[in-house]
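We begin with a single chain expressed as structure tokens, specifically the form predicted on its own.
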Amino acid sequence: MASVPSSHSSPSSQPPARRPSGSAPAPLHLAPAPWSPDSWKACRLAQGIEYPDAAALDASLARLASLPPLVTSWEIERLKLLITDAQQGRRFLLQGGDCAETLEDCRSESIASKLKILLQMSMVLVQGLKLPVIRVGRFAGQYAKPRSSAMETRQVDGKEVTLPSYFGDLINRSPFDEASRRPDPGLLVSAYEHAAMTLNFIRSLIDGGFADVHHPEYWDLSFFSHASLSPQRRAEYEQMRSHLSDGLRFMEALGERAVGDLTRMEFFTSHEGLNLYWESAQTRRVPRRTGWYNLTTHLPWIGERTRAIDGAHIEYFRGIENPVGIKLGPGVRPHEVLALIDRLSPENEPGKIVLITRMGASQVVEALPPLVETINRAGRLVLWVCDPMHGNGIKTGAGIKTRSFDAILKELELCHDVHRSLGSILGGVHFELTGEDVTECVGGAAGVTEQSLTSNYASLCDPRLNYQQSLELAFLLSRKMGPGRRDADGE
């Protein structure tokens, strides 16, 4: 995991207080204009936020620019090297965490449970895939969420009330009242403080050993005995559990750390780079390196709603040295993806681009192959990652947002099959999950049903996999993708 943030980096110039005017960018056939951390302000801004208090915004951004970075440039460069390995099939990336972190949830129990499930999943994947795993958490910065509408309407005391949507604790607050929903620039600094506390605790856990994750006999594997599991599947799970220690020894054989030192695993952070005020205020040059680094996180990503080639987000992301994720839904066209890659990585840099596909189980077989074939023919260096969560959202008859475990698993399996059939590599997975026993996604051996969703539905945004569902998916993914499974499955 990252070491304590360095204070040697010099801040970028302070961004101005007001939202971009929305002026049109230069025609796409022209060379990009000179870049700076603030050049995005001349472009169209999707998911933009209007801060009513410009002076308060100025003060918050100045404070952010003066604070130590949350991560360091050498950690970012290390992650790029690991992603380069994954692009070549020598590692596998596991990315997961909350849909949207809340400031209130910055608690030791919550942080430890998320770290624990990700570490346990990574151990299952190491054992099953026979590959070292890159661990990337959706935390210490995942405080903002895009919304389909900027405004939300509800019935309050018999009257229809319209207020700004809740965009996450980086921007406003969830209670449905005017004061809470007003964008508050003070939350930018508060989010930084909570991200720093989260990182500090994660570092302490990893440096201290967090040893129970290395003992599967201590894990909660009660779903192994659920009535919905066939005897064959149960036996497979038990066999994989009994061989988990082999995964640790395999990592040692591959030249990873000695088994005795595996308590100190590398861990990286990620979040969606939605609020460009937050991102650009902490974008800096560092000593003895060229270029600019976003020092809020190791791996920021661009969302499906903000990846317009002429938009502010692409303009910002084209100038930073971090590896960059790009979310791709079923409507994206191959030439659009090529244009994005060329804009963000014009030199085709290894370890730079992570393509995170979120097609939906019903569309992946049709939508994914043209993208893979086009990128392969063009020789672009990318890491293909499957996000099986965002394309599989459903609503129950009672209007509750949920996701189906079966659909999530199906998209993972189909995505793997598509890549293998085209000579490509599925090099990672991206989950929204929690280490707690929530009831937000239906299905899996844990037995969550539509009727039981309300028993512990805690997410303020999108439904997440719970502890048992997450761990079961790791077992199933290892079974699907592990060496020797192709013949066994008749594939």
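For clarity, every value in this text was computed on a predicted model and none was experimentally measured. Heads up: residue numbers just count along the shown sequence, starting at 1.
Just so it is clear, the following notes concern the form predicted in complex with a small molecule, a form of the same protein that is not shown.
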message = Given a 4.5 Å cut-off on heavy atoms, tell me which of 158-166, 193-201, 278-286, 301-309 is the interface stretch with the small molecule in the model of the complex.
response = 301-309
task = Report yes if all three of Cys99, Arg138 and Arg358 come within 4.5 Å of the small molecule in the model of the complex by some heavy atom, otherwise no.
result = yes
Distance check, Pro146 to the small molecule in the model of the complex, heavy atom within 4.5 Å = yes
ask   = Could you tell me if Glu315 has a non-hydrogen atom within 4.5 Å of the small molecule in the model of the complex?
value = no
inquiry  = Considering non-hydrogen atoms and a 4.5 Å limit, does the small molecule approach Glu75 in the model of the complex?
reply    = no
message = With the partner left out here, check for me: in the model of the complex, does some heavy atom of Lys327 sit within 4.5 Å of the small molecule?
response = yes
query = Heavy atom within 4.5 Å of the small molecule in the model of the complex: which of Lys80, Lys401, His390, Arg181?
reply = His390
